[in-house]
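This document opens with one chain alone, in structure tokens, the form predicted alone.
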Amino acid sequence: MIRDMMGRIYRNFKGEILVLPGRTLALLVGLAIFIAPLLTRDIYILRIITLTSIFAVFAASWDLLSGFVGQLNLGHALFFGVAAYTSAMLNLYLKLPPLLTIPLGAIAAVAAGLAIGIPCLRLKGQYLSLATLAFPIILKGVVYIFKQYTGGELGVSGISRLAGSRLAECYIALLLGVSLCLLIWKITDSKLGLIFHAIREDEIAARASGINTTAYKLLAFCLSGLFAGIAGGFYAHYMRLAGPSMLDVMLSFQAIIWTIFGGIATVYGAVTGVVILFPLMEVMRAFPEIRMLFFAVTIVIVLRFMPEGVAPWFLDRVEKECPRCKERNAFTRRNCRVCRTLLIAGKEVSAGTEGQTGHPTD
């Protein structure tokens, strides 16, 4: 029985993961990242891996709202900062453990999503974007006013660590990052994701089809806030600090840059953007004079030659889509792995007539 189960798992793994170059590469990169902490005890490298995992969730949560639903949020740092401050203050003043403060911080971020969504969903386009940009600036002002509780410019410090060692914290962050990014991807790949797509493409048509677009957009704000809030609470306990920088406009723009660099409305593109750019910019700290220039030039080059993002650009070259069933196939295949359609320069040739083309099957 166990042997049959293992055989079934291997066949599913081979048929769903190893059959496509993009998924195979993602698996290898993921394994390399999971193995890397065991090969080093350098605190700085462990820090980079941990923060990459946290920011991958943060970027994917922005992609869920702005990429899939089309609600461009320029103040996404609000969710991150609200959760970070909530988690830090609950831990510092009420002595609650991180296991409780992080979920409570995420709930506070969901409440922030409702606070933004209810008044702002009456706005459209650039007006909505500007309204979302104002909220983290307002909250930063509140932080400065009530500095006896929030610490003002210094922030809230001295909160509890997540685990007893940096290695344990690194693996907790990796597991949390992978789990949450897969959950976000699963949401976008479900029926709910189809509704989000419909709202983004044509909200009027979606409303005419009977979809309560206002309710679904509000749900998207809450889901985005939930995932960004988990990342924010985790970040606060990892850094043992919650400060005004977590509400900064640049943090919101970082999520946008990471996502567009990797590939918007894909989830894996947002993760790819963080995995490439965040460690790269950490390495460039050794060259502070040219660090930001290098960053800007890299972004411009990618947007010029890969306008859809790095991940879609790469997948378009190692995989091809079947014109009949729309399944992805490795670029080396001549026939679709599902419907056996002959793949010739994007043309559809049925399996029954492929013998007339003179091309052999796989």
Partner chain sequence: MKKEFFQVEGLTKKFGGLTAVDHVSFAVHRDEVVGLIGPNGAGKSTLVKIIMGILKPDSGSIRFQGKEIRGKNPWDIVNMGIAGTFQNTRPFRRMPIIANVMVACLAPRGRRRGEWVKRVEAKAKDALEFAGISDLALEPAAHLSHGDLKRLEIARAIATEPELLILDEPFGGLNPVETELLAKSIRRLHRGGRFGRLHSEGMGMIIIEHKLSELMKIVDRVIVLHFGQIIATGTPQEIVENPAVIEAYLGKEGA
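Note that the structure is a prediction, hence the values are computed from the model and not measured. Residue numbers count along the first chain shown, from 1.
In what follows, reference is made to the form predicted in complex with the partner chain, a form of this protein that is not presented.
Chemist: Can Asp202 be called a contact residue for the partner chain in the predicted complex at 4.5 Å between heavy atoms?
Modeler: Heavy-atom contact with the partner chain at 4.5 Å: present for Asp202.
Chemist: Would Arg41 sit within 4.5 Å of the partner chain in the predicted complex, counting heavy atoms only?
Modeler: No, no contact at 4.5 Å.
Chemist: State yes or no: in the predicted complex, is some non-hydrogen atom of Ala208 no more than 4.5 angstroms from a non-hydrogen atom of the partner chain?
Modeler: Looking in the predicted complex, residue contacts with the partner chain include Ala208, since a heavy atom lies within 4.5 Å.
Chemist: So in the predicted complex, is the partner chain close enough to Ser245 to count as touching (4.5 Å, heavy atoms)?
Modeler: Contact check for Ser245: no, nothing within 4.5 Å of the partner chain in the predicted complex.
Chemist: Out of the stretches listed (57-65, 28-36, 41-49, 322-330), which one is close to the partner chain in the predicted complex, meaning heavy atoms within 4.5 Å?
Modeler: Single hit among the candidates: 322-330.
Chemist: Please tell me which of Ser157, Ser179, Asn212, Ser165 lies within 4.5 Å of the partner chain in the predicted complex, judged by heavy atoms.
Modeler: Answer to the contact question: Asn212.
Chemist: Considering non-hydrogen atoms and a 4.5 Å limit, which listed residue (Lys147, Lys186, His197, Arg161) is close to the partner chain in the predicted complex?
Modeler: For this set of options, the contacting one is His197.
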